[in-house]
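Form predicted alone, single chain, as structure tokens, below.
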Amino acid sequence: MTYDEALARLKAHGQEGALRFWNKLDAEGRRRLLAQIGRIDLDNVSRLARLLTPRGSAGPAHADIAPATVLPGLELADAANVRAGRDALRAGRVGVLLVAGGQGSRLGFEGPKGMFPLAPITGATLFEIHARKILALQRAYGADLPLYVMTSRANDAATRDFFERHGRFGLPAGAVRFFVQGMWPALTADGQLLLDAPDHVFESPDGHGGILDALEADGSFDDMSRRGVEFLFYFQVDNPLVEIADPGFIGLHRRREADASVKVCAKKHPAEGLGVAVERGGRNAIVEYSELTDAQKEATGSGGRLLFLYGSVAIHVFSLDFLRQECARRLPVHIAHKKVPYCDAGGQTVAPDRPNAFKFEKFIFDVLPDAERVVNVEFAREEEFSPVKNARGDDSPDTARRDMMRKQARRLEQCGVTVPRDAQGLPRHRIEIDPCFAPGPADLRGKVKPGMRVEGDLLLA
């Protein structure tokens, strides 16, 4: 793309300010800026700009919602559901979709969040923890369980290299496929692009809902169809407790002939930052906690329980045919007022101390209102959800390691092993069990001796 071509494109959308530092750029800077302008969908930028109200507000509160129907967790252990899920796994009808576009900056870690070392004894990374669970399933069911990993421009190369350097953690080369999430510019209140360097327009990921466009553009949907995949298990990289492709969950989805299924758990308190499962006009949906009023968050029903009790933690099963149909529809866009670095008049990058621009995202759960059949099922939080989001405090590496060890201690105790605990219920010794050693409690029973006692750090691998 030439300068004149870029200027004409930008002028057609009122965005020629993106070239305001052109005369100060060297040849390489000009090349980078023109290449980026060539990639940006300016028709989409104009569409996003039209979504901004004069003050950039996110719109009215959700006044027309009711709590969604949620099935009890016993459904996940139902013998018929488990059998149906296992049959789908053996037949190679299940694929795994891992959202891993984030960086570990909030953890004080340079690099993709999936490369963060977390396991209590070995220090295995999040990527390894998840990959070993998938490998265990492949071995158990004797069939491919292809892994599709959504990266971002910021971490794609590092993620691919990390998997290759570690031999994909035992997964076959053809069973792992990477694809890159889309990026959208942020806009000022008057709909203008921001430069965060004289030769660069600020962009950020387009949200986990962008996974649909990314899968289609990459050809991964076609790859799934060629493999015979019918069901996609979806989860996010920062949750080490997740039970990947849980047969009971897969089978429940399959037997109910659902388009989409959602695992939900009871919120800890009204202000917990989980999107809540709701119904609107006879359709299922997830509403972000930030889009609820305080009154809605705190509303109670019979027995004093929260009315909007059940929150989603991004554990889903989707039918492939349904997701492919959703590619032809345009998901709603969520707007957030954020602090975005920008160039001042002199070309110096400024880190603002207050929100100055609007970011735009699509969320995968916004496919739910289009689904004819949605299953919401409760799960036990202590068994499947302990995210790594913060460097310290709640949802940190310390709390995730604690919950990983508590989970493994419960499994050992179910097998008749004595696990000494402290006053807070935390095992006194570190415990780590490789998923390939024993994916679940039933697998563990034949590998440990009832009556044994954990006397020191225990690594079973």
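What you see is a predicted model, and the numbers here were worked out from it, not measured in a lab. Sequential numbering from 1, following the sequence displayed.
Same protein, other form: the form predicted together with a small molecule, not shown, and the subject of what follows.
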Please pick, from R280, H166, K389, R153, the one residue with any non-hydrogen atom lying within 4.5 angstroms of the small molecule in the predicted bound form.
K389
Ok, I315, L187, V367, V99: which has a heavy atom sitting within 4.5 Å of the small molecule in the predicted bound form?
V99
Given that the partner is absent here, does E203 sit within 4.5 Å of the small molecule in the predicted bound form, heavy atoms only?
no
Wondering, does K267 line up within 4.5 Å of the small molecule in the predicted bound form on heavy atoms?
no
Although the partner isn't part of this model, could you tell me whether R132 comes within 4.5 Å of the small molecule in the predicted bound form, counting any heavy atom of the residue?
no
Verify the contact flag for E361: yes if a non-hydrogen atom of it lies within 4.5 Å of a non-hydrogen atom of the small molecule in the predicted bound form, no if not.
yes
Okay, which stretch from 348-356, 233-241, 194-202, 115-123 lines the small molecule in the predicted bound form, with non-hydrogen atoms inside 4.5 Å?
233-241
